[in-house]
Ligand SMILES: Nc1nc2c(c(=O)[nH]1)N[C@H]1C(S)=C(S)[C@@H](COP(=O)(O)OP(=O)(O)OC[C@H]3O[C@@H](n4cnc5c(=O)[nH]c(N)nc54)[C@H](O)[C@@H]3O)O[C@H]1N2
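Presented below, as structure tokens, is a lone chain in the form predicted on its own.
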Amino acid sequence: MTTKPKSTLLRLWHGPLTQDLVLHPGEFGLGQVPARLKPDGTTTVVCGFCSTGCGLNAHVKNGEAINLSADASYPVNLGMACPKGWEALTPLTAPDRGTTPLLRDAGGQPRPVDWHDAMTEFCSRMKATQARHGAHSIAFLGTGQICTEEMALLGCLFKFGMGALHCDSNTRQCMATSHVAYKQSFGYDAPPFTYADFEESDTLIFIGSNPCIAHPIMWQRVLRNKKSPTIIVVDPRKTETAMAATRHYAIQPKSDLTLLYGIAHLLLENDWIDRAFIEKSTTHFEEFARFARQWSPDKVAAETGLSVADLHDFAAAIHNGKAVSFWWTMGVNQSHESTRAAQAIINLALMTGNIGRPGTGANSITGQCNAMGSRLYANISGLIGGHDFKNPLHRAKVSATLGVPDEAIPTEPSWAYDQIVDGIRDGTIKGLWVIATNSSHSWIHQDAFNEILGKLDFLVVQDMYPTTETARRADLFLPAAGWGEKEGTFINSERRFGLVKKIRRAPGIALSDFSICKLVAEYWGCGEMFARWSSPEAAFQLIKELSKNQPSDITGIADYEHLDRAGGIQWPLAAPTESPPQERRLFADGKFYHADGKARFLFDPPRPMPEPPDAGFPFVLLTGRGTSSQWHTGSRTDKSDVLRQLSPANIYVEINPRDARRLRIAPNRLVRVRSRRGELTATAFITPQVQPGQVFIPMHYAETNKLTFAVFDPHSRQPSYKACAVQIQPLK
């Protein structure tokens, strides 16, 4: 059995639900407020919901924030905030907050325990699983919602300290495609843009992206554009962004790759390309050009549902634009051929020279607040800091920087999320640690996932709430501090490190994810390996060291105070600069990160949608965001009365009027939506926003992923949430 570590890290006073735990000062444990937070006044903190990374003013009284407002000087949001930002404090005081660890007893009931018992149980059972089934029989599923320093510590602890391998983040569900597409095309996961490009483009093209709803502050930046830009939206559904666009191309679901190749064909046919840029800065263009010439307008029109005239107009708009920016998000990323679709967008930017200049770029809009932090520093599928597990020089650098034995660093990446799920199904994975994500709600083909969780020997969930769908299944629940109750950094969509501050005390004996990982290290017996990780800011300094000579080099950032004074800092920043420019884009010199300094044209033929509609399941189900007031599975936004009132409480399905008449479905009538995997009951919302033969259900409802089809992109292994076959029947 694991014994209590004999160190000053931990002091426990026992009492029912009133235990107190004090961590040493560097970890900002219970009852402590960082010195940089004044007892009264205002301080800027980065929002913890989406990837926009807005600056919020936290209004502090007696050492705790009592209200939030938008920071007018922060370079991201310029005084604007969406409903989630205004309500960001509310989830912290929810009545169902986790305040103490919970351990399921012999009768199956979760009972409160202290941190010593929780850590003893965690370590003894995880070690027993490894002893019985092998070192790699335990796994974790992480998140893009915790601080960069927490992600880094978690990944390093799991692989270097605990001797395990298989771990992934829920960013696999949203951003793996962009990560892989950029890395293959540019040589590094490097989103090139800055938010000023929204205001400097004369032509903005949104593909599978609805920023009006998903990223409303980014959309406000578009509305600040004084160039009367042409706005083009490519989306099967007439989204809120499409309604505001100059042109909306309502393509058939999952025909975007064909469309993009067809546009490349027309640009080539008309010689609307930048040959000087192509020659100087790219490779494999001639092969791509030969490939793209197959995609004639007639062929593309037949497959996409657009007219030949639409295609010519689309290509002409790109040609006529002086500063054309391409933007995509989940409509592209969540597909069976998502990586090549993202690279088809990149190819259009490269062949027209629309990259590296103001108002241009092939620009992936990130989902979660710290998905970029996860992509660079989670130490999961790639070695921490954008390094490569298979590269001995990279492993040696990590070993020397972190003081980790070289033999403790794996020589291979971990399994992806879906492979871990398959490992649970076949019995290879027997212990699972879930951190700040709600897989029982969000993973594709939900019912199958929840069924296989029963195959685990030990399930640990670390979260703010013991009431999420996943936490309710846990053998051990670990109460975590949330955003605003800890310190660290987030990296937003435009590569900006922003500072997260502790502006509230966590309830009960809940701890930051950083502190929980430090406890695990102590109880596991590898605490000395992580002695230098004494606080989040100490971890940030280690991250800085690891970034040296990488494309994402941040050795020029001094410390947290530097980030705070500067209003966040975009990577890279290799040279110390007190006041770096607030907006910086990549590739202005036409040089990329492959060894030859050039970007690559990458392509493959499109593949059919894996589950097309048929006679039995005649509709295509589309999913996406339903409202700007909800966030993912609602585990935080649902705590706010205000946010709940801004979105429909009950699940609904959008259906075209023509289909509704044919099926005799009246508005607001209950209908059954069924796929080959499950079914749900929803309220019919009759609207021409969806095309005939298609229906739309928001992703936020727990029932939605009962329907979705578990198919994955072969390059990024990202799930395809956006299209599967369903049937609809009115309920009598």
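Numbering starts at 1 and runs along the sequence shown. Since the structure is predicted, the reported quantities are computational estimates derived from the model, not experimental observations.
Not on display, but discussed next: the form predicted together with this ligand.
Worksheet item: Using 4.5 Å between non-hydrogen atoms, is Gly634 touching this ligand in the predicted bound form?
Response: Within the cut-off, so yes.
Worksheet item: Can Asn438 be called a contact residue for this ligand in the predicted bound form at 4.5 Å between heavy atoms?
Response: Answer yes; at least one heavy atom of Asn438 falls within 4.5 Å of this ligand in the predicted bound form.
Worksheet item: Within a 4.5 Å heavy atom cut-off, is Leu453 in contact with this ligand in the predicted bound form?
Response: No, no contact at 4.5 Å.
Worksheet item: Quick one: does Lys84 come within 4.5 Å of this ligand in the predicted bound form, counting heavy atoms only?
Response: Although this ligand is absent here, Lys84 would touch it in the predicted bound form, with heavy atoms inside 4.5 Å.
Worksheet item: Which of Leu68, Ala682, Ile665, Met699 has a heavy atom within 4.5 Å of this ligand in the predicted bound form?
Response: Flagged contact: Met699.
Discussion item. So this ligand isn't shown here. In the predicted bound form, which residue out of Ser675, Thr704, Gln691, Asn57 has a non-hydrogen atom within 4.5 Å of it?
Written reply: Exactly one residue meets the criterion: Thr704.
Worksheet item: If we take heavy atoms and a 4.5 Å cut-off, which stretch out of 101-109, 262-270, 620-628, 655-663 is in contact with this ligand in the predicted bound form?
Response: Heavy-atom contact with the partner occurs in 620-628.
Discussion item. Counting heavy atoms only and using a 4.5 Å cut-off, do His215, Arg237 and Thr708 all touch this ligand in the predicted bound form?
Written reply: Heavy-atom distance to this ligand in the predicted bound form: all three under 4.5 Å.
Fill in: Contacts with this ligand in the predicted bound form, stretch 316-353 (heavy atom within 4.5 Å)
Contacting residues: Thr329, Met330, Gly331, Gln334.
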